[in-house]
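The same protein chain appears twice below, in two forms, each given on its own as structure tokens and labelled structure 1 and structure 2.
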Structure 1
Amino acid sequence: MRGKVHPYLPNSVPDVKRSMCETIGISDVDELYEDIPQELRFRGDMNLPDPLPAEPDLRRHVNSILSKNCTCEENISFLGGGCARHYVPAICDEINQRSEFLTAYAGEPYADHGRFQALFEYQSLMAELLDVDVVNVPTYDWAQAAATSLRMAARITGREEVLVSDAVSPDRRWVMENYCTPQLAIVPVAHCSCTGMMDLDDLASKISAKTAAVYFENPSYLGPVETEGDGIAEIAHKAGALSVVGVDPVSLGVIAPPSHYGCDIVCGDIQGLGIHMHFGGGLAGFVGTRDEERFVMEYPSRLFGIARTCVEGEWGFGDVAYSRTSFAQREEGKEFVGTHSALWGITAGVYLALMGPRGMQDLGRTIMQRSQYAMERLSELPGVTAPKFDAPHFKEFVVDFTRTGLTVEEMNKFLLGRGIFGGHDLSRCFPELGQSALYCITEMHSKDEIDVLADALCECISREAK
């Protein structure tokens, strides 16, 4: 590196630097730091590795580290629980890798018309999938979307207690708890140990005139489709509370969207809509509602709207009700808005445009067929209960291995040796389920792969029996 100009640093060319200093009227760049007191200057050396400024060296180095990862393409993965391997159409990556979208940020609608239109279209496509009239520019993830939905409900109702199903992902619940504290009190509502759905008696005993919202997920983290959403909404509405539902949008080609069973605020994650997993970095959240001012004005997020321009027939786009945001009002705005996950929103829009109504229907159907096949295959294994809950399921289900005498940990270790990532171990976060794991089946799992799993589990169990 010594004496060479780094490719990222054009004005380190000595002559250029000198002439720029002359323009400014200084003899050395360090003079520009005159306002930084000597006692605040860092005198030491940052202990960083020797740099690799030549690109081939950098590639070798970074790729050698990444090569230590074992991927869900090289193995058969049954992991879900808030992030799943769905198919990513080639065009989704083609678009989100475009320099224009990848490197744009916060330009005005005139310089960044395409960014505004693409995100408006994302909102519009999601709105059709959810059957609602308003959807926001994405939040960080489902967890933030759920927390914001609850905060919106609290502001709309003027109440501060929210009832939240206890069959919510522990990871997500952790984010929600931090985000809602201290203004909101989160009261857990039990799920039925038989069906996995919300325990309506428990709900009825906890709901009151203090309740701002009832929150459940569909399907729940444990897999069951909640079929009593209309009943839950009725209980909530009678108490003057809102029904807030977290949903897997991948399911909505075949399963009724929450707005059809009384949901007032719907939220969830778009990672399954054309976005890779990225070790969890592919998550991005949505919030959707009716187009009523009392709802719209409580969103913290950007909402891009369509408009006409001064030229007949021309579409323009811009921020709807910008004055509600923290950009406009700082601490007086609704929660906060900043850099969230816009590029994933554009990507999910591309995905939905490709899939169309029939693609989403076909997708839901294939996933349900394959997951039912997997549940049937696994339930044939000695000592295995699949699914654990007596309910319809979409793509995820709990497999109970307790009666095999094996722990999930032992089972997954065995599977890993066969190139299989077994379902996520629930024994720590849901001890009442015994040795259970959360399995996820998507359109990416062929019958053969499901059979490989069943055979491997069978082998593991019969070894134990000997």
Structure 2
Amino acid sequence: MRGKVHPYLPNSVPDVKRSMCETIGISDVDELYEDIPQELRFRGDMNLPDPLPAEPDLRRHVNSILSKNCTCEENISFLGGGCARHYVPAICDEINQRSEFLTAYAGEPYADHGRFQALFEYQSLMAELLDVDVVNVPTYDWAQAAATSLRMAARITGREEVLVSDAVSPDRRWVMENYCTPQLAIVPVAHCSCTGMMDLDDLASKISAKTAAVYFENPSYLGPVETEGDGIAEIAHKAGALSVVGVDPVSLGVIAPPSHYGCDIVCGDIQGLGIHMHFGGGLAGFVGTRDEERFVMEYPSRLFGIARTCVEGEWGFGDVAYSRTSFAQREEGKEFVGTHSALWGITAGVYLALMGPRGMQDLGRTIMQRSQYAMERLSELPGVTAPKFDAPHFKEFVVDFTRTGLTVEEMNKFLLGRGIFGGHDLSRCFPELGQSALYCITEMHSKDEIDVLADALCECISREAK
């Protein structure tokens, strides 16, 4: 773009650039990059189209690109695995688009405009849902929250190994490994091939005095609800390790929170709490613990509390133990923490305040009932096993198509032609499951939509049989 005036780039007018160079005492912009070796510098012009100076032309161009997308508004989606379509009440968008929240990046109390209080309320609502004392300001996503939880456990116990269920999402596991290496060794623990739950014998054989934490998810990535949480926590605690559990907060209206079965650190993602999918975005991770100094002082992320001010009868909201964060210590921080997903925390707070305990119960019950119906309908199809695992499920379950003679890829291609996003193909990351797919049912799926899926799959299988 050298020498061009670009309408989207400030200070690209040659006279302006020349004036700026004179002000800072250089003759050419390249002098600013003299520390970069010549062989690493790009020479020539980038292969970019000319800019569109007129805003209507730009809008038309972008809309033509976006029109190629096929969204969950047009298609029926049964995709999950970490980001699923849940209902977003209008008030969630109304509140999070207010300027004092939408544009309130970082900031201090004097420029807060209520953001600290809103996040305090979010933390309080999440703590009630999780039945814990302390919840952080949201971080990037579940993967980082899980990795942070494991690193917290390692610092608390002084140990350098963690045991992680092999039924965790591969994408999440890769982030955890990247985040924890080289300080922590991650050792996989097998899941039972029949139930999909953690294999307690394998866990008992691998836990040792080196183990800082045992991590599993409930419900797991593959769908089963873990019924042996107490047993897992007991094995961990006997070895001096902590129990760390990843959880979908949407499930907690009908499933006991991890704190009720020995969990020391709970984590997860709030995407299902009033947040749009945004092409896979809209994610925000949380970490929750008891209100004990050994836990609180190991949080790397911000915590907001409430305290009296110097004005009689007045209360204020602000950071708790700010000195423990990398914002205060930088290179000496326990972990580096950058941008938080604070806007999504405020949004989830609005959602939880709107739903209340009864609303979360109704939501969980609705999802379980509809997922049960979906499993029953799909299990009636020839050659199909649904669910794959003999265990209770919440909203996700594995469907095994191996005996149909079709691959998941073929199934999903057929479904796409019928306006349906089929389940996530597990055949590559979990080859031992054969031609299986992970299906997700939420409150957004009607009985008719589930029937449409079952009928389309039946048609696909029937064509293969002929």
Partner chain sequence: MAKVRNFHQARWEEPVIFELSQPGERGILVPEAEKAIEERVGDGVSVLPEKMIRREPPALPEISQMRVLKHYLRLSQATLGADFNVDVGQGTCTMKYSPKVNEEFARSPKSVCIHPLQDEQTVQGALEIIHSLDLFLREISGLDRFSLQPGGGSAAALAMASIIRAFHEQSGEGDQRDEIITTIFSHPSDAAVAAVKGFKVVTIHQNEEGLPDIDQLRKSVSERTAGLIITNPEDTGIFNSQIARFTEIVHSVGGLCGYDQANANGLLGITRASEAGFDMCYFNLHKTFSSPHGCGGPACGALGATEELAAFLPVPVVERDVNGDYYLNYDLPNTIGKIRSFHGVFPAILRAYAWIMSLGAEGLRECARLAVLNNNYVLAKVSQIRGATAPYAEGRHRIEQVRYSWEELYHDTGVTTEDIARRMSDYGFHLWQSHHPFIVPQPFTIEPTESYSRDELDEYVAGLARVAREAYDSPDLVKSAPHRSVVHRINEDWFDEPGKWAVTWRAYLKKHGAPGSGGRQ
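Source: prediction; values computed, not measured. Residue numbering: structure 1 sequence, from 1. Basically, rigid core = biggest C-alpha set you can superpose within 1.5 Å across the two forms.
Between the two isolated copies of the chain, the second is the form predicted on its own. Val311: CA moves 2 Å or more between structures 1 and 2 after rigid-core fitting. In the core-superposed comparison between structures 1 and 2, the C-alpha atom of Glu39 has shifted by at least 2 angstroms.
With the core held fixed between structures 1 and 2, Glu22 has its Cα displaced by at least 2 Å. Taking the core as reference, the Cα of Pro56 moves 2.9 angstrom between structures 1 and 2.
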